[in-house]
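Okay, here we've got a single chain as C-alpha cells, the form predicted on its own, with questions on binding and movement later.
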Amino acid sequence: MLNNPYVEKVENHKKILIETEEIYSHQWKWNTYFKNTHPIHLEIGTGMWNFFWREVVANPDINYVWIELRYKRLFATAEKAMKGTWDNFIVIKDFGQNIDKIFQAWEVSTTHIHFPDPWWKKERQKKHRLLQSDFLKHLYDITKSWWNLIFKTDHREYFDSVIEILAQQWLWKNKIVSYDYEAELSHFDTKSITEFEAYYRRFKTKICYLEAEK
C-alpha cells in the first residue's frame, strides 16, 4: 500500500469518504448530507465505474452512493462522476457487509450489485461471498418498501445460492429471475450494461439477472 499512488489522492478527495466514524455518522442522515429528500440508490463494488456515472448523469433527482474498497476504483469513480456539474453522489471506502452501519432502516431505495467475486475456486472460500443470509437480511432492512435489489452475475452456482437464501428467508419477492437476461428480457439495453457485461458479450456468456422487491 505504501507504493499505491492512489492512496493520497483518495484521502484528499472531496467526494470520497474514508473515515469510518464519519461514514457511520451519516446513518439516517444521508438526505441531510445531500441537502434534499431524493431517493438513494446504492451500488456495492464500482467495477470500472462507467455504469453509475451514466446513472448520475441521467438522473439528477436521485442521490447515488457507491461502496468500494480499491483505491484506484474509488478515485476513478469519483473523478469520472465529477467531470460534469453533477453533485448527486458520494463514494465510500468500506466493506459492503457494513451496510447496516452506513444506513438506517428504509433509507435506501434501489441497490445494484453487479458481478461480485463468486469465491468459487475452493468450497471454503464461499464464506467470503457478499450475498449471504445476514447481508441480505440487512439489505432488506435498509431498503424502502416496494423498492429493489438488482443482482447480476455470470456465475450460475452463486446466482442459485442467492435464490435459495431468498426463498428460505421469506422476505424479498423475486420479480424477475433470468439465466440469460439479454435474450429473455425486453428491457435489456446495451447502453446501460457494465464493462464486465460488454466483455462477456464478446464470448456470448449468459448473464444471470435477479430483480427482487421488498
Ligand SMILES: C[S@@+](CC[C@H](N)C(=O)[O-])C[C@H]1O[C@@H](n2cnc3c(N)ncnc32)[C@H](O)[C@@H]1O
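From 1 onward, residues are counted along the sequence shown. Keep in mind the model is a prediction, meaning the values are calculated, not measured.
Here the subject shifts to the form predicted together with the named molecule, a form of this protein not shown in this document.
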The named molecule contact in the predicted complex: residue 120, any heavy atom under 4.5 Å: no
Distance check, residue 70 to the named molecule in the predicted complex, heavy atom within 4.5 Å: yes
Heavy atom of residue 88 within 4.5 Å of the named molecule in the predicted complex: no
Exercise: residue 44 in contact with the named molecule in the predicted complex, heavy atom 4.5 Å: yes
Contacts with the named molecule in the predicted complex - residues in 86-107 whose heavy atoms fall within 4.5 Å: 94, 95, 96, 97
